[in-house]
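Just the one chain here, the form predicted alone, laid out as structure tokens.
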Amino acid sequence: MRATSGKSAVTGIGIISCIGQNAEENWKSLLAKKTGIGSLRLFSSRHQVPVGEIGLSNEQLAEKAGLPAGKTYSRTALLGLIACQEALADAGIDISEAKKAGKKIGIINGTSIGGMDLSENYFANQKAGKRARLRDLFEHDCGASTMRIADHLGIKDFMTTISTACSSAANAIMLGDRMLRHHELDIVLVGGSDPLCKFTLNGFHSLGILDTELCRPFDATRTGLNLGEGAGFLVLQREEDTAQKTYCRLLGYANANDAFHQTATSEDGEGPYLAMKRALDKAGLQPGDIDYINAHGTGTGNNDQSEATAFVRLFGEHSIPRFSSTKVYTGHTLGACGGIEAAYCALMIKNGTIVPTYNHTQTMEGLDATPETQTTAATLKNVMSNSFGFGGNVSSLVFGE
């Protein structure tokens, strides 16, 4: 079937993170410059570093999601389901009614962890000589979390999982748009979910890129990132099919890969530059049309230097749009960050407000790229959201009012 020329509309959003258990709570925390990063309590670790922890056990999350007691769900599935439920309710969509109306409904979930938390429990119990439940390992695969979410919501037309590290959710949004444009789906949940677990904490610690204090994206004093957990999902529909309210439209996007290093982007920002440039091209926009960028901005030496260099290459040293990193609030939520931050962009467009990287103090050496440090009222016609993953897999999304 020939693709439609219209744009996808964001008709619903759902978020759960360390700064709020729904979109409204998240937005209030952002406006209040309230970080959720603090001490690790979810599990024991020798690495005493701050994290963005939601503060609910798996049992409490299951109760919040309305799931039956006694069944095993990974933390990824639980967080994703809660965000999806909110997004659907926000869009005013009842799955059963939509199916009766002949609508094709799908879900595309981005995650890098999958059911790792349950796998860790299995092997810990086995090592301790305790009863280890084999069914915990059945949830290990990333796709298992998507299947759990889809089954509970009653989505049967299409489900798939994308795992491209920290660009996972952004790539899920891109695929969702293509499915709509080619009329393979009429309604699609897109985003991502990732929890905190020992595997990621130990892995990032081995790379030497965890900050022992609150992260400082794009600051000369930055020493690393803070890990976080959460989920963010959007409901996308074809613009011509929506009569209800919309937050914004998805105008363009692109994925690129500079193939520079397993865990780093190139110093000249080649991958980020290509992703941003091609996203603009797809949107039919010029660099000067972008009013704000939600930067990937992790707080590591490599990412922030590479991303800022790409800003200069694309926009010019003195024409970089206003930008900020919201990871100072949530921490780096890995495969979920593209979904959470896309939802933040939708809220910023709707409310005409730029959320700052409030703890910035010193400009990076050699790069005059300074993020917004104060909450600012602004007319945001076109907004860009960047999500950059390991292996050089980088993605940029462009949303318009």
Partner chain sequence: MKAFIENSSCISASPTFDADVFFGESIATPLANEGKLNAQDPDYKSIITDAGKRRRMGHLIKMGISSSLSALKGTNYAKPDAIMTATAMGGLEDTEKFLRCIIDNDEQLANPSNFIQSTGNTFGGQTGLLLQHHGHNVTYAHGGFSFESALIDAMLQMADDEIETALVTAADEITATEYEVMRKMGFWRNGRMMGEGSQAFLLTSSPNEKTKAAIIGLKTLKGPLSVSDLSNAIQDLTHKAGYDTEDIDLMLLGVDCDYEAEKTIIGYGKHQINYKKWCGQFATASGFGLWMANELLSRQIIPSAEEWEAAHLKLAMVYTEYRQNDYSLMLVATV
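In this text the structure is predicted, and so the values were computed from the model without any measurement. Residue numbers count along the first chain shown, from 1.
Note that the form predicted together with the partner chain isn't included here; everything after this is about it.
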### Summary
Counting only non-hydrogen atoms, the one stretch of 322 to 330, 299 to 307, 258 to 266, 86 to 94 within 4.5 angstroms of the partner chain in the predicted bound form is 258 to 266
### Task
Just give me the single entry in Leu250, Ile293, Met116, Ile105 that has a non-hydrogen atom within 4.5 angstroms of the partner chain in the predicted bound form.
Met116
#### Entry: Selected contact from Asp141, Asp241, Asp289, Asp211, since only one has a non-hydrogen atom within 4.5 angstroms of the partner chain in the predicted bound form
Asp141
### Task
Please run the contact check for Thr221 against the partner chain in the predicted bound form: heavy atoms, 4.5 angstroms, yes or no?
no
### Query
Is Lys28 close enough to the partner chain in the predicted bound form to count, meaning some heavy atom within 4.5 Å?
no
### Message
My question is simply whether Arg41 lines the interface with the partner chain in the predicted bound form - judged by any non-hydrogen atom within 4.5 Å.
### Response
no
### Message
At 4.5 Å between heavy atoms, is Gly203 in contact with the partner chain in the predicted bound form?
### Response
yes
#### Entry: in the predicted bound form, residues of 65 to 82 near the partner chain [heavy atom within 4.5 Å]
none
